[in-house]
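Next come structure tokens for two forms of one protein chain, structure 1 first, structure 2 second.
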Structure 1
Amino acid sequence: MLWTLLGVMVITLLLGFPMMIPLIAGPLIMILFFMDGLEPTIMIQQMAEGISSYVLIAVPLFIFAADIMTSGRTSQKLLDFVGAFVRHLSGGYAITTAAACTMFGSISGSTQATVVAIGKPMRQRLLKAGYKDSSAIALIINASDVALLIPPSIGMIIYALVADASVGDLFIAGIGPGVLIFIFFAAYAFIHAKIFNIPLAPKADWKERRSVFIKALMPLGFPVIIVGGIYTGQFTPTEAAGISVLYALILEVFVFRSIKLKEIPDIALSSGIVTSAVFVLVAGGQAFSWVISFARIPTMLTDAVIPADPTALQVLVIVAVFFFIGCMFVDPIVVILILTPIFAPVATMAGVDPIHLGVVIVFQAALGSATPPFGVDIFTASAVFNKSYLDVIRGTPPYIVILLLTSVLVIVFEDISLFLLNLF
């Protein structure tokens, strides 16, 4: 049963079928041929459910806002401003991109929204600065996914509920690994820029910096309103997405007059196609994860691999492998809800700190989501940047290696997550 499911998915995937086919046909065949008495209509229910989350609504709105800003002048002015401070530094743009993606990802709570909102404008500037497209996109995807670790993290909130741990402690414990990853990304960006001889632009003087700052004043209101608004509780991330659409419209249509009102429907249509291409996959992914949960496949697999009297390290490694692989295929939240109750008691008995376990789990969820074949952020990047799937994943290996390395460090040295907690 499991092999048929995987077989159908892998073959249709490799032959170049639209990605929605493996995600839809796999579960459909399971239900029709392997699950007696089950009506396939359940798939439809779950496909609708998959795209009904309130948090997801932010994504099409951010896609629309980003489309408006990149068609007009807003993002240009913002990037000129950033460029005036980092363009003379080796890897400066890449480091800025990593920081912006991680920050925005953590406050918006949606890695997809981040790929769009930050990735779209930053990618243009990275290309201009001489980066290869594949490395630019890989950087954006991976830096956005790391946001799962940075508070406020929905993954940690869910883990805390299931495993009975403190959200506040988890938030603090996520900072160490998050910063460590950022340092590694920055170091890689620096070395990468040196090796590939990314040309450095001349350092901007303070006069130029002042001038681009003044030009960017209005566009700068954008991050200020969004980030400030969410942090002070004026609005939720979804509402912030709505605000950003309006802000972008006002700036481009009425202030800069770079876009005519009659061009808006075309931009909206293009945003709509991108939304559809991504969300159909999210819908299919939910149907897929329903079928494997219903068939109890996760429990079957975990029962088979947990040894009788495991050591703490053994448990952590098994946990890491399961969450990593699970999140390569299924939404991280669903994986956390289903697998945590299976592993948490085993881990506790083996003496693993529950906070540390949570950090390892959320770390793997982030890593798995950024890893092919079914990372939703990979789909989003492919749709938003209109690049083929292979082009999108071509540049990811260095980042996956960095993340794997960091996750080994985090698993072995629990102090990376716990030291901040122990300080207080």
Structure 2
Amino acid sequence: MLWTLLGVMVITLLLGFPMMIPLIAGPLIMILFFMDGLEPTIMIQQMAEGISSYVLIAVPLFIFAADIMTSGRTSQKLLDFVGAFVRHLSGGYAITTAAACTMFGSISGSTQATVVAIGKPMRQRLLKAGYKDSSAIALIINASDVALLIPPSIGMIIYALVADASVGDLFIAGIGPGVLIFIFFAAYAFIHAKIFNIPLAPKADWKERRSVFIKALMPLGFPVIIVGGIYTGQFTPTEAAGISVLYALILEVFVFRSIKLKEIPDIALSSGIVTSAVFVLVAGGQAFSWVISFARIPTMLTDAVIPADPTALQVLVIVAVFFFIGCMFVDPIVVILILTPIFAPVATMAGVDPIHLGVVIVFQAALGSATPPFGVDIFTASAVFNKSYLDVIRGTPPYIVILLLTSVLVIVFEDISLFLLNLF
């Protein structure tokens, strides 16, 4: 039964269908031909149940807010702010890129939005500073992965939905690993620039720094409002998503005046298209999870790969391997939807904190999304920068190694994820 299900999915993928088709076709064929007594309508029921959660309201709102800011000047203000303080250092423009990706990720929650918003302007600056194009693109797509960890992460929201975990706690737990990735990327940028003699950029004076800081104050208010509001209990993550849309509109339409009101419907339409694709994946993922659970496939899989009476560390390592490999081939949302219900119960029984498990899973999703052969950010960068697949992946190995090492630290030392939650 398992091989039939996988075979249907692989064949439909090879035929060129988008991921949502095999995700729905596989379970439907199982119900029609291999599960006697089940009505096909169970698919509709499960798909509807998959997108009925109140938590999912936050997804289109965060996507809409990110699209507004990507169309406006928020990313440019952040770039100018960070660059004024670090561009004169060895590897300053690379550090600026990593920092700006981290900051914009704390606003957008989307790796692909971060690639577009930060990648377009910073690629040109990196090339002028003396970086190879392959190194510049590799830095951009891997630094953008932080957006899946730093709140408001859409990946965290999807995990919370599937695992019935707290979105607010996951948002807070993702901050530590996200900041750690930035620190390692900044250190690598410094060393890389020293080795390859990348010229230093002119140092900004304090007048320029004060000016760009003032202009960046309102964009910097996004993560403060989202994280601070959730952490202090002033509003829920869903309410924070609504506030982020209002804040983005005020910022881009009335303060920066980079977007006209008549452009908002087109931006909303674009956000709606992306949201519909996400929701179809979520609905299909729910149906897929129900079918494999009914067929007891998760039990067979965990019995095959997880030893009897496993330790928490053993489970986390196995989970990390499965999610990393899965996200190298398939969209991270799909992998989270399918694999989380399989491994979450086993991890809980082994004593793994569900919040720490969520951080490990989303970290692997972030890592896999920029890793060959089919990481989604690779194809986003290829389209945005009009570069071939090989050109995009040529400079990625050092960053993949850094992310793998960081992943090991996060798996072994759960306080990296939980220390902010444990402070209070």
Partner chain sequence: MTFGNVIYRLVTGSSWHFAAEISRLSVIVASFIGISYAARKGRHISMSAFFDLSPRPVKKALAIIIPFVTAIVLFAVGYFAVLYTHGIYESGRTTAALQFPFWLMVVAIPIGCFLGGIQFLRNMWINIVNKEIYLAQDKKDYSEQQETQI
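If you superpose the two forms and keep the largest set of C-alpha atoms that fall within 1.5 Å, you have the rigid core. Structure 1's sequence is the ruler for residue numbers, which start at 1. What you see is a predicted model, and the numbers here were worked out from it, not measured in a lab.
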Two forms of the same chain appear here; which of them is the form predicted in complex with the partner chain?
1
C-alpha of residue 66 moved at least 2 Å between structure 1 and structure 2 on rigid core
yes
Per-residue C-alpha change between structure 1 and structure 2, residue 331, threshold 2 Å, rigid core fit:
no
Any chance the CA of residue 368 moves 2 angstroms or more between structure 1 and structure 2, core superposed?
no
Please report, in Å, how much the Cα atom of residue 202 moves between structure 1 and structure 2 when the rigid core is superposed.
3.6
